[in-house]
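As C-alpha cells, one chain now follows by itself in the form predicted on its own.
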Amino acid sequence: MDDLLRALPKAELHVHLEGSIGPETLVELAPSLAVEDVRKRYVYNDFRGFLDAYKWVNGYLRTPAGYALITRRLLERLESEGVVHAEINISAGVIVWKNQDVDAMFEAVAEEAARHPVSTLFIFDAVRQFGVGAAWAVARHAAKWAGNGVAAFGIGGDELAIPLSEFQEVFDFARSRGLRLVPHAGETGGPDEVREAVNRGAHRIGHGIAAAQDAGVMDLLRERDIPLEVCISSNLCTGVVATLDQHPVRRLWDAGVPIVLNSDDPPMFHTTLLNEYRIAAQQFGFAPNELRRLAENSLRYSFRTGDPTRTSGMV
C-alpha cells in the first residue's frame, strides 16, 4: 500500500508551514526545549487547544533563517512522500501580529523552496478572529507577491468569531490582484459556513466537511466544481469529529463532491499525507482506482495554471 501511495504523483494543497514543525525541528529552533516537552504540547482535546499550541509554536519563529529551516524540513518530507507540487499556507496574519517583517520572512521561504524539486506556491493566510483590519494587511502583502510565488489569499483561525461576509471587500481586493480565494469554512462551523464561503467567491475551501450535513450545499459544491481540502486526522485531533468512523469523507466522495486529501499540520496531528491516503483506504474503503482519482484531484485543483477569475480552482 505504501509503495502504491508513494508512487502516485500528487499535490499537497492544505498544509500550514508553521504547523509542519516537528518536535525535533522546533528544538533546532529553540535548543532550550526538550523534544518530549514539545510532544506533550502536541496533544489537545479540542480546536481551542490546538490553536493555543499553534500560537505557542509560532512564538519560536523569529528570524528569516528559522522560516527557511522549516521550509527545508517540510519540502524534504513532502518529496519523500511522492509529492510533486505543494501549495503551502503561511500564517502571514500571525507574522503581522508579531510585528515581524512579512517580506523578509517570505523571501527566505521562497529562496529555500527554489532549491527543492517539489514545485511550490504559497497562500498568505489571515486570522479570522484578528478582524477585518488585520486581514487587509495580509491581503496587501499577498498582492505584493502575487505572481511571484503567492497564488492565493486565505483566512483561517476561529471561523465562528466573525462572519465571513465582513471580509467581502478584502476578498474582492485579493481577487482583483489575481489571487485565488481559499477560506477555511465548515471545519468547526456548520454547512451554512460552507455555503457562505462559496457565495464569497472561494476557489477551494479549507476542510468544509460540514457540507455533508446539507444535501443542498453538497449539490452546490458539485455543480460549481469547488473542492474541499479534507484533512481527516486534523478533524479527529481537534475533536471536530468524535471518532474516525464518523468522519464524512466517504459520504462527501460518494455524493460527488470534489475533494482533495491533505495533512493540514502534520506533526501536530500525528500524520503525514501518505497516512491520510492510507486512512482513506483502510478505514473508508477507498479502492486503488479511487486513491488514484484523489491524487489526480490534487493536481487538477492546484493553482499551478489556469484563470484566477474562474469559480473553481480547476486547471
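If you're wondering where the values come from, they're calculated on a predicted model, not measured in any experiment. Note that residue numbering begins at 1 and tracks the sequence as displayed.
Not on display, but discussed next: the form predicted in complex with a small molecule.
In the model of the complex, no residue of the candidate spot (Phe167, Arg180 and His203) has a heavy atom lying within 4.5 Å of the small molecule. For the small molecule in the model of the complex, the listed stretch (278 to 286, 242 to 250, 259 to 267, 32 to 40) containing residues with heavy atoms inside 4.5 Å is 259 to 267. Taking a 4.5 Å heavy atom cutoff to the small molecule in the model of the complex, the contact residue among Pro227, Pro191, Gly156, Gly93 is Gly156.
When the small molecule is considered in the model of the complex, Glu112 lies well away from it, no heavy atom lying within 4.5 Å. Not displayed here, the small molecule is kept clear of His141 by more than 4.5 Å at the level of heavy atoms in the model of the complex. The small molecule in the model of the complex is approached by His184, whose closest heavy atom lies within 4.5 angstroms of it.
Contact check for Tyr67: no non-hydrogen atom falls within 4.5 Å of the small molecule in the model of the complex.
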